[in-house]
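Just one chain is shown here, as structure tokens, and it is the form predicted alone.
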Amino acid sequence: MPKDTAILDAALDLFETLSYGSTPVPLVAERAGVGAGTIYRYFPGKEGVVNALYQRWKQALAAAVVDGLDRSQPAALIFEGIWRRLCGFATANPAAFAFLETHHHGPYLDAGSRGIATDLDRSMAGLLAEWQRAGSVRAGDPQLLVAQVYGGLVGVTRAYRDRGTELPPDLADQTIEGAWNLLASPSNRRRS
């Protein structure tokens, strides 16, 4: 495994178990199996590590959710595809998903990290604005609606993590109706 990858993998584990603030660089190096000086050859300190890690996983999340998405379908089907991809990412990468949410507002995130997050948020809000114009999604600030629905998933994943249990493999099936119904106009809501 390349040393930079080993460093990022070790940092992900430590930042999630101990926290970013409580993780010294020598501990990251020890966990990665490298010397502390090696970290500084790949990254400009601990902030460089957290930003590289954030960018790595935020880009992976964005690609998982958006790449190859067929936007020609009705809003409910597009949303279902996005939701299934999002839940799949959270289930397959629980530590990374938790890391992204824990560090989303970190003061140590640089412009590159914030830019990736902003681009994804804008993309999702733009999609909701299109659906609002088509009458599929209820009125309201699209960014607020995205945050409301996404925050629900974050809460679910956090509850499972706090209990020390794995996310269910059918997470998307269990949550899709409620997630869509938070957004949908009354005539477009799903019914069990």
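Residue indices: 1-based, along the sequence shown. As the structure is a prediction and not an experimental result, all values here were calculated from the model.
Not on display, but discussed next: the form predicted together with a further copy of the same chain.
Using a 4.5 angstroms heavy atom cutoff to a further copy of the same chain in the predicted bound form, none of 4, 88 and 93 count as contacting. In the predicted bound form, a further copy of the same chain sits within 4.5 Å of a heavy atom belonging to residue 101. In the predicted bound form, at least one heavy atom of residue 178 sits within 4.5 Å of a heavy atom of a further copy of the same chain. In the predicted bound form, residue 105 approaches a further copy of the same chain with a heavy atom inside 4.5 Å.
In the predicted bound form, no heavy atom of residue 133 sits within 4.5 Å of a further copy of the same chain. With the partner omitted here, the residue from 166, 70, 67, 141 that has a non-hydrogen atom within 4.5 angstroms of a further copy of the same chain in the predicted bound form is 141. This chain is drawn without a further copy of the same chain; in the predicted bound form, the residue among 60, 36, 147, 129 with a heavy atom within 4.5 Å of it is 147.
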